[in-house]
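The chain below stands alone, shown as structure tokens; this is the form predicted alone.
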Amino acid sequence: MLEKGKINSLQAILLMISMILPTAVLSVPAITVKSARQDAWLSIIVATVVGLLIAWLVVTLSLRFPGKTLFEYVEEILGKIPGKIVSFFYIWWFLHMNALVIREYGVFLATAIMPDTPISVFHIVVVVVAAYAVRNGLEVLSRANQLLIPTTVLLATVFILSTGNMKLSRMLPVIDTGLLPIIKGAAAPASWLGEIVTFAMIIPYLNRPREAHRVAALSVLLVSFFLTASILEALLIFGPNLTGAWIFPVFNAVRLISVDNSLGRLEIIIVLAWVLGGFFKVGVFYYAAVLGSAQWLELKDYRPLVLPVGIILVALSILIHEGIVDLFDFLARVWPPYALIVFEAGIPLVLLLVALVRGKGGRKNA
């Protein structure tokens, strides 16, 4: 094994939450509300079912090959050359996804917080911090991520403080748009929840792999809960028209909160939570890309790849989607089918079917 560290189930759940939630809270509410309007919360329910199915699929496949990551068992299932080709596409996907995450955070910070700072500065800083964590291994990344537990309390507190600006009438009537917009609105959150496929890179390093199904399911459900809360907060405060029109509706909702003068400017606290979460989100995909590349190249150590992969990530994040409108149009229209159909559900389903037909893999870990 290139990675010698082990993590427990709680650390894995927190890592998976950090891997999905930060950018989902930023981007998904506006994208989903544009399609499903006041029924966007129903779209999250549909997306949650999809996310749970992908989680079951990925864990079931991984547990047939104890101690092996996605990059290792894909060659056992398909053969060396086809397996190398599929693995190469996953390396690209991890890099592409991470570059989008880095770009999204740079856009958010440059647009909403520090407009006079060059966006490349944010890209370089987040990659440098993530590189340090990745180089120190999965255990260090997971333990540092546990420091984010207090941010969940902050998010809950902010939601409670927002209740004074909420009106239930802004969510009525229910299912007024019909079922098709609800299903269409589920595509984006489903693609975010489908990022749980990256768990295939973590399962071999769980100290209790038999708990992998529970870890994946709880991760998806907890992310869905916070995502639903963020959409409800924006809808109940602004209604579907404004929520769908803004790029960062949850951030705008937080900016409205003012309890006396001492609790004004709460958006700074939320920005801090999002930025910290972003570091770990980038770190997880960075780790997956580096570890997968090392396994693809059949190296004995993944750490020499941390620097070159970091340079690639910075370059990609700067070069792709120059404008904020172009970026979010890509995330809304192109990313969901690209991610869901190919990498999150399509390839894992094919791999599981081929493994079953060819009798590859063994029983689940005891």
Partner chain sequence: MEKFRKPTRTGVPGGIFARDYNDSLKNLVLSQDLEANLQQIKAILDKCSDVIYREFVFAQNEEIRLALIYIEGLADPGQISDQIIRALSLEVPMAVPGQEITKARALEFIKQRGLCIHQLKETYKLQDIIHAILSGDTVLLVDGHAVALVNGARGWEARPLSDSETEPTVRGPRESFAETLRVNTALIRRKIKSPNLKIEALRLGEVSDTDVALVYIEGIVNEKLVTEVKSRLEKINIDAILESGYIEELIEDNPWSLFPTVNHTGKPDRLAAMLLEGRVAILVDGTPVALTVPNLFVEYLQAPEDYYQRFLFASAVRLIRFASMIISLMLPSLYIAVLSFHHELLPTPLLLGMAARREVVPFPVFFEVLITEIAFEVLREAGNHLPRPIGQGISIGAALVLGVVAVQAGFIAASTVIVVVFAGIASLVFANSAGMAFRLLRFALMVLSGTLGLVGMISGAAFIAIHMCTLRSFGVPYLSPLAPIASTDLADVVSRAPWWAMLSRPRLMTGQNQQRQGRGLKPTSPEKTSKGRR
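Note that the coordinates shown come from a computational prediction; the quantities given were computed from them, not determined experimentally. Numbering follows the first chain given and starts at 1.
Below, we refer to the form predicted in complex with the partner chain, which is not included among the displayed structures.
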**Report entry** 4.5 Å heavy atom contact with the partner chain in the predicted complex for all of 133, 140 and 272
**Finding:** yes
Requested in this report: Go through 166, 183, 222, 121 and name the one with a heavy atom inside 4.5 Å of the partner chain in the predicted complex.
Outcome: 121
Query raised in the report: Among 276, 161, 256, 232, which has any heavy atom within 4.5 Å of the partner chain in the predicted complex?
Result: 276
Query raised in the report: Where does the partner chain sit in the predicted complex: which of 196-204, 113-121, 71-79, 287-295, heavy atoms within 4.5 Å?
Result: 113-121
Query raised in the report: Might residue 85 be said to contact the partner chain in the predicted complex, defining contact as any heavy atom within 4.5 Å?
Result: no
Query raised in the report: According to a 4.5 angstroms non-hydrogen atom cut-off, is residue 241 in contact with the partner chain in the predicted complex?
Result: no
Report task. Mark residue 237 yes when one of its heavy atoms lies within 4.5 Å of a heavy atom of the partner chain in the predicted complex, and no otherwise. Result -> no
Query raised in the report: residue 23 near the partner chain in the predicted complex, any heavy atom under 4.5 Å?
Result: no
